[in-house]
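First, one chain by itself: the form predicted on its own, in structure tokens.
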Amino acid sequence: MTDSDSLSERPFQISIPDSSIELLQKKLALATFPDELELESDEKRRMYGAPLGDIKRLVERWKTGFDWRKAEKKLNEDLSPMFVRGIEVEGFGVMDVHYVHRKSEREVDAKGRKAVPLLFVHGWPGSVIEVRKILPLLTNPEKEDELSFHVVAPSLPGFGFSEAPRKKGFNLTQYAEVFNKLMLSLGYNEYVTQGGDWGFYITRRMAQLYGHKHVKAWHTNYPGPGAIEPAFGAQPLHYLRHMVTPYTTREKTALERSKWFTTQGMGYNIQQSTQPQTLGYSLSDSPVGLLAWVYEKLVNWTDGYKWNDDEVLEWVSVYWFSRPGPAASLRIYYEVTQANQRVVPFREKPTIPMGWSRFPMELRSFPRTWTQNVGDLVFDSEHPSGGHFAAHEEAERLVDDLQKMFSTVL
């Protein structure tokens, strides 16, 4: 393949080799399970991590009932069309990036508005399949007068079916560079973004670097990590407004949820931010270890979402069968932490319009007065249910917010 060929768009279909599926089955057959304390409820067992009964049930289903070929076929249908393209990244060379690119079924809606290019960015332990439920709603809205979108949903470098960086230092700036170049290569000189989890961090960085010129507005369901409580010395007027604005009942509940996550749910984050390679050996060699590591988050981070076993196994299989392997997905934590990019001082916040969808069981969510320090907050919508995986748990509500916000600001 020539250099020019590697930079061109190539059609892509998920097609895992039979040998990889056979190896998975051999590893599952040799699984050794840990013991577990005698506790009277799943709730108490979950305080220690993924319950043994759940993992044994899921492993048995993975071995004898889950049909990857059936899941693979459905993914190829639901995420079509998919492509791979080489993107030149400064200091890192050309990297293959996998993405979904589905154009709107109508260029103009009943109000005469053109379809809007939208970049959707997933996080961990999600993947590109998080766009699955919102994709048809965004590209083919039910009503003729609803805003429609051209959707681009990439696999982050190091995740899914994208290539992984091979040198250290690949942080938010590089992820932002990759995705901006991807959008430009597709002919979208101006576009909007949506992201949660790492998608929040990456799209915030894109809003900083490419705001106004390319990124016209950004939306997130996870602004908590960037929310800073106003301080009198730095923001006297905002601080006074903050002090005379009482927290709502939902904001108080969100603070409690955030406290739980910080004290009871952050262990994985510290490990992945400090010694990701060590953990990577376990996740790359043991499908049961990978399953337990991801399953715990899928349950704890959602709002009572009823995961069926095949749904869980599909999410985990995308990591197991990923192009670079599951260990590569951990390194973003280390690189971003080393670059000190997690929190942005309010003076450096993006100045393009920002939207926020609030879901009550999000992991880190803070009052509006704090969140105004993340960006130019022009849209704020509260919902009665939903957790960390908004696009998967509350697809219709998230899409409705995107239509409302971008209809207003563009």
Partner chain sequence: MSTEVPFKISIPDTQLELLRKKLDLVTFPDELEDAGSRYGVPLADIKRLVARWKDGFDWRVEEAKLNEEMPQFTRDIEVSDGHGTLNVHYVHKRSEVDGAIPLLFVHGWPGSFIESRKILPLLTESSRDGDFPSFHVVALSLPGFGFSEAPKKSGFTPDYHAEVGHKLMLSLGYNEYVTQGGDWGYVITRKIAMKYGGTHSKAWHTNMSMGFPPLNPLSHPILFLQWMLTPYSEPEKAGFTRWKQFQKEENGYYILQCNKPQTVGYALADSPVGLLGWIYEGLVNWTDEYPWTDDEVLTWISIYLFSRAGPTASFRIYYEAQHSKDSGFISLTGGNPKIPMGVSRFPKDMVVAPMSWIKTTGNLVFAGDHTSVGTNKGGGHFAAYERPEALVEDLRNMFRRGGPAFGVTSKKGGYFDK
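The structure presented is a predicted model; accordingly, all values stated were derived computationally and were not measured. Residue numbers count along the first chain shown, from 1.
What follows is about the form predicted in complex with the partner chain, which we do not show.
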Exercise. Using heavy atoms only and a 4.5 Å cut-off, decide whether all three of L52, T274 and E335 touch the partner chain in the predicted bound form.
Key: yes
Practice problem: With the partner chain left out of view, choose which of A328, V116, A176, V318 has a non-hydrogen atom within 4.5 angstroms of it in the predicted bound form. | Solution: A328
Quiz item: Here the chain is shown alone; which of N308, Q264, N189, T248 has a heavy atom within 4.5 Å of the partner chain in the predicted bound form?
Solution: Q264
Practice problem: State yes or no: in the predicted bound form, is some non-hydrogen atom of A292 no more than 4.5 angstroms from a non-hydrogen atom of the partner chain? | Solution: yes
Exercise. May I ask you to check whether K63 falls inside a 4.5 Å heavy atom distance of the partner chain in the predicted bound form?
Key: no
Quiz item: Any chance V288 has a heavy atom within 4.5 Å of the partner chain in the predicted bound form?
Solution: yes
Practice problem: Look up in the predicted bound form whether A31 has a non-hydrogen atom within 4.5 angstroms of the partner chain, and give yes or no. | Solution: yes
Quiz item: Which one of these stretches, 31 to 39, 352 to 360, 64 to 72, 372 to 380, sits within 4.5 Å of the partner chain in the predicted bound form when only heavy atoms are counted?
Solution: 31 to 39
Quiz item: Which residues in 182 to 212 have a heavy atom within 4.5 Å of the partner chain in the predicted bound form?
Solution: none
